[in-house]
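Only one chain is included here, represented as structure tokens and corresponding to the form predicted alone.
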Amino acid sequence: MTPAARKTTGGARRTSGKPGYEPVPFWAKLPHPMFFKEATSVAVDSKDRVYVFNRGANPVIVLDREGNFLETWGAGRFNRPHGIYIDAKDDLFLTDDLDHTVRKVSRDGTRTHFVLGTSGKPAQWQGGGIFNRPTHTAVSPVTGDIFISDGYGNSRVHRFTAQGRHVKSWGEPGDLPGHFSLPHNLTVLPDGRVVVCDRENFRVQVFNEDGRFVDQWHMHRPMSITSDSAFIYVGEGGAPPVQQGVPNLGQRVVVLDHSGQEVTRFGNKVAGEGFDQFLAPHGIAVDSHGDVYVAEVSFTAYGSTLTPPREVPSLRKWRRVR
């Protein structure tokens, strides 16, 4: 029997037809001496090439489906990589939270289409302006409009046209419907609903494209989210220090259908460096085969606390097996 449904209004449990997933050990094959330091986010293009936005010396690293290294670019161009999204034309949206900008660039990084926000100049803290440490970007498959979660220094979602013109914003600090406590990631479903990881409120919230509240689903500290034509994939963060080591408190990926019903979940019951474990699932993507890629801020969350500090796993692949 699968876990209970996540919708706050209840719902039936799924008992058949759910997908299965298995970890792929040693998937990413980086040439020596390249390393991620930590992979903050991941995205997949139309040819199933995997783009890893990371905080090492090579900010954008591109791999094929088998994990073979293809190319890297972006050295010296980013302040603190946070989110990556690829649209239907294979253009990239790169969210740099300490630069307070989102850059739309070509697939190979050679052309910048436009920059949203003002580099190095944050809006007023929690004032709702554009931006104060934005976190992620998604594009609507219905209208082509751009949605940005904002973020560490704001409690807003901003909507822009495909050309980068601001349309509207919504949200404010709080825990009521339509309020946010760190909107950390978002996705837009095929019907245009905008699903936002309201991380520190332990929920995802669902809106229409105009920002009207539709629903909310309880999750354990949702950090990352993506979707495809069938499912929503949510990476859950771990427990606070007082609960460290307690099993079944986040550090997993939960798969939902588009109504918010839980279909399945994967990941060990506790955090760790094993192939089936997670440390800090900060970014997530899915390819055309249904395989799932998870980027983790594992150096910040764990590796930096070790003596001496060391690189720990920060990119996972889980293969869909049915």
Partner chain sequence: MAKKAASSSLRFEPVPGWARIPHGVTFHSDATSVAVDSKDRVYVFNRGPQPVVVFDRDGNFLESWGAGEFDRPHGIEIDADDNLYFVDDGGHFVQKRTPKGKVVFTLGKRGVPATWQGGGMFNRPTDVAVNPKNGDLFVSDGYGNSRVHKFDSRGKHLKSWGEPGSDPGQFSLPHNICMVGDDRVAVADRENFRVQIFTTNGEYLSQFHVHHPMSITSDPGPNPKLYVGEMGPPPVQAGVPNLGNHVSIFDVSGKQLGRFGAPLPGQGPDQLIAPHGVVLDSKGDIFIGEVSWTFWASRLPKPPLGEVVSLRHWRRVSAGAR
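If you're wondering where the values come from, they're calculated on a predicted model, not measured in any experiment. Numbering follows the first chain given and starts at 1.
Unshown form predicted together with its partner chain; subsequent notes refer to it.
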Heavy atom contact within 4.5 Å of its partner chain in the model of the complex, the stretch among 226-234, 111-119, 91-99, 212-220: 212-220
Listed residue that, although its partner chain is not shown, lies within 4.5 Å of it in the model of the complex (heavy atoms), from T72, S140, N132, N201: N201
Listed residue that, although its partner chain is not shown, lies within 4.5 Å of it in the model of the complex (heavy atoms), from V188, L182, V206, A123: L182
Contact of I86 with its partner chain in the model of the complex (heavy atom, 4.5 Å): no
Touches its partner chain in the model of the complex: G144 (any heavy atom, 4.5 Å): no
Non-hydrogen atom contact F160 with its partner chain in the model of the complex at 4.5 angstroms: no
Its partner chain contact at G245 in the model of the complex, heavy atom, 4.5 Å: yes
